[in-house]
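Form predicted on its own, single chain, as structure tokens, below.
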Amino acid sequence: MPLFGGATVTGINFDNAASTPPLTRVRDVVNRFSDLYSSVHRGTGYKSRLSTEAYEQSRDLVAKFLGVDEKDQVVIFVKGTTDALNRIAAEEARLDGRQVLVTEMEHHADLLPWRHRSGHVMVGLSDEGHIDLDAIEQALKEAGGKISLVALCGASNVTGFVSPIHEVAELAHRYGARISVDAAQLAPHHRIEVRPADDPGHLDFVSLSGHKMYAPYGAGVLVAPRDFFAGAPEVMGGGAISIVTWDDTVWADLPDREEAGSPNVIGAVALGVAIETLRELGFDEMLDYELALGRRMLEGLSRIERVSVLGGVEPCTAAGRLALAGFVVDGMHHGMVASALSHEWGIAVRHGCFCANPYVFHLLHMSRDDVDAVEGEVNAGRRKALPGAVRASLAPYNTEAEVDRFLEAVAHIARGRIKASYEQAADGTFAPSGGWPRIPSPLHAVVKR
């Protein structure tokens, strides 16, 4: 990676919560499969039959990975978690007068579809930012049966806190609601068990994205109860029907009815290979390694003056926290910290509110008046005022040496030892005076290489 001053350094990717690179095995399978790819399901040619087999085998791998009982639930390939949650919300919106319960922790993908379709009830969190089971139960009680769904993230992309999804599922079912788990952050690190439908803690809906599971080829998964999709699908087109006449439409059985158009076969195959590879490597072993790195990172951040970790520095544990830290440096804009980490140290992180504005506002202890003032600035086109934090998120391929280099970099930045002069653009981002080093035609460079 190019650095300020002209040097280069081996880059460090601590932005895994946003997206992950492909596993080598996934990349190699995709490259080989590309020579055999063809349209699936109705083609009689060899490539079409082979592609169909690979596509459906990937569906089976997802079902086994999550412990899905396919008599009661269906595995649907979608574009990603956001697509999956919007599909649930579109169907849920048909239940007139029913509401969706969400928490302040949710990613915008698990908030906005309910807010702007079904209507939602939002419950608060503990001061540190943990799920409040008592608040969820109280909201369910007070709703008197009007809440039909509880939408919950499996793990936060801001603090790494792991949600008690099965305990929440039991509460939801006790009060006549279903549960939807946004597993985008949880699935790459934890085995998730859907559990049988007669288990009080079973999960009704699970959504996840391949690009966060080392298969960034545009596919995701929605697991849903078979009886949920009662009417016409949200997305209509070829493959979703049994027959169309001049006057009538007969919809196909699941999952075809919810997979209209030409599916992303290569993306589904990539996700299946990633799941198979992660299972072979061993989730428990990978998680133990990640958590050890996470504890090293949190302990190191806690020792740096002027650095505060969102949600506190309680250690990373399998049931409690992923190897992820959102943090702020007192007196410094989060954008400048992130820019300095990249430009002067070659360390990729993320900054901002991580598509979870209400949660970040909560963790930063902002009042409603504070938020209203920021909203006014943003509406006026002045995004420089947007609050936020810096996030470092780890994966099994990261190392202790990388964590130590990151901590050294944060310590230097927190002490004001910054080499470049940074300017903030109108959109709130920071860049060194004179701009970033020019990247000559990236696509051409990759193809040429």
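Note that this is a predicted model, so its numbers are computed, not measured. Each residue number is its position in the shown sequence, starting from 1.
Below, we refer to the form predicted together with a small molecule, which is not included among the displayed structures.
Taking the partner from elsewhere, no residue among Arg87, Gly238 and Arg257 has a non-hydrogen atom within 4.5 angstroms of the small molecule in the predicted bound form.
Here the chain stands by itself, but in the predicted bound form one stretch of 153-161, 225-233, 265-273, 292-300, 153-161, has heavy atoms within 4.5 Å of the small molecule. Ile12 falls outside the set of residues with a heavy atom inside 4.5 Å of the small molecule in the predicted bound form. Under a 4.5 angstroms non-hydrogen atom cutoff, the small molecule in the predicted bound form has His107 among its neighbouring residues. His334 falls outside the set of residues with a heavy atom inside 4.5 Å of the small molecule in the predicted bound form. Taking the partner from the other structure, the small molecule in the predicted bound form has a heavy atom within 4.5 Å of a heavy atom of Ala184.
The contact with the small molecule in the predicted bound form, taken as any heavy atom within 4.5 Å, belongs to Thr82 out of Asn357, Thr277, Thr82, Ser148. Of the residues His343, Arg178, His202, Lys212, just one reaches the small molecule in the predicted bound form with a heavy atom at 4.5 Å or closer; this is Lys212.
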